[in-house]
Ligand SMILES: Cc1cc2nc3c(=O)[nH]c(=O)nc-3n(C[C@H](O)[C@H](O)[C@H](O)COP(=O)(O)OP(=O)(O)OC[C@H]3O[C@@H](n4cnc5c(N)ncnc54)[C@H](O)[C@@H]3O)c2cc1C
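Presented as structure tokens, the chain that follows is alone, the form predicted alone.
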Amino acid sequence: MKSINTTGQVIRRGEPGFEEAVLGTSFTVRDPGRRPDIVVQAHDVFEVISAVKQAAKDGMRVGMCSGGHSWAQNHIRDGGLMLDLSRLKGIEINTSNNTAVIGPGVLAGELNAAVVKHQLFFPVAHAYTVGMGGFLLQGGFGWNSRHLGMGCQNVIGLDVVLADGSLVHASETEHPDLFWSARGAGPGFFGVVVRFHLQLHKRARFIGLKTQVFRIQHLESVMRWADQVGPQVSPLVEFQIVMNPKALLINAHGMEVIAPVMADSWSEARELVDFMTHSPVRHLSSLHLPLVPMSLEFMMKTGEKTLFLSNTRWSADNMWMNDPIEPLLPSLRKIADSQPPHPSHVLWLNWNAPANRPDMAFSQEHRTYLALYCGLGKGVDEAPHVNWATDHMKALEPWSKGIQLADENLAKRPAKFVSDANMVRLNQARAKYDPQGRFHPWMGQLPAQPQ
């Protein structure tokens, strides 16, 4: 094995602690079977630079992770060097211009806790323990993103270690093609972002949640209503449906209709969720809760404790949709009837993206979003469920408009995640900044792209 000389904690394959260092980077406890040759646990930018330079000298490929919430465990590859960035957790907030500079290892909940002290806001990830590094690179579908834009849209600069170990700043005016690429390339980005420069926003005066719960027998009626009303729902509301084998308070297979809302006042928020209060399916609900004020931190931690459980073998897949829901209802019924046990769940999200976005690599979004999450706890036989998400998404491909990288499953099911034109630009930027292929690209064979 080639030697590596770098600062930072270095653990080689076969050494004590190697298995823990590799598998400990992953939120899911599934063992992907892949192993790098070396893990470097970097503590600062200089250790990142040193590791990348040494990898270049030794001809090693580099993979990296921040929070490890990749369902596909994209960062765990065979051979090469794994760069663990979870210890780069600096947060600097500038209240004079409402900006922040953070390290990739900062968790979504940690950033939210830091900015709330100044009554500021950033569209962080929905789960508390998601690392901001991977979240921002893949797009960043965060809290209030329908209104404020995705996380990557609110990135105004990046400090990036390139394949030769040099450190550069990327923005709209400096290395603009690198800046363009970082906002949406996700796990296929060809550099190590060691600092993200973020634009913050004023925090909403009211944050709350309205919830209804329906038994699964009402799936078709609820989905027809949601699909019809979705385009009229305010961008201040995150209107979504979760199919849960243990739905809230009924502890049975059901559908949780959830509407987080961020507004200037409680009265405005009530008006924004009035579509649920007076819906034609309300009489079918087993539970109807009023709009309740709720901190973002509480919602983040509660969601993680009820749905995204740790010590669980996770797999996921997803798709964007534009068509009306009616032709998909038989497939959704099959998904529900075959759903693995809790905490496995299905997410339908009303997105209805704005007509225009800034020019960035991210370029794939549509009217509604569907994601399947298979979560198997200790003692649950994996064999009947391991391909549940993949197989159902394959069946739905005639209606799919592509995927988003947060819930990617590219190794098992290649799918389009950026526009064809943007994939060409990404490949051109990769050839410029990483001509030797130092950084791992996306897993799996991607669909052919025009040259």
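When you see a residue number, it is the position in the sequence shown, counting from 1. What you see is a predicted model; the values in this text were computed from it and never measured.
This next part talks about the form predicted together with the named molecule, which is not shown.
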Candidate stretches 71-79, 275-283, 89-97, 288-296, one within 4.5 Å of the named molecule in the model of the complex by heavy atom: 71-79
Among the candidates Ala127, Val101, Val346, Ile216, the residue which, in the model of the complex, approaches the named molecule to within 4.5 Å (heavy atoms): Ala127
In the model of the complex, the residue from Ala406, Leu410, Val39, Val418 that sits within 4.5 Å of the named molecule by heavy atoms: Ala406
Any non-hydrogen atom of Phe122 within 4.5 angstroms of the named molecule in the model of the complex: no
Ala51: touches the named molecule in the model of the complex, heavy atom cutoff 4.5 angstroms: no
is_contact(Val222, the named molecule) in the model of the complex, heavy atom dist at most 4.5 Å: no
Distance check, Ser181 to the named molecule in the model of the complex, heavy atom within 4.5 Å: no
Asn144, Gly208 and Val257 all contacting the named molecule in the model of the complex, non-hydrogen atom within 4.5 Å: no
Contacts with the named molecule in the model of the complex, stretch 128-154 (heavy atom within 4.5 Å): Val130, Gly131, Gly133, Gly134, Phe135, Leu137, Gln138, Gly140, Phe141
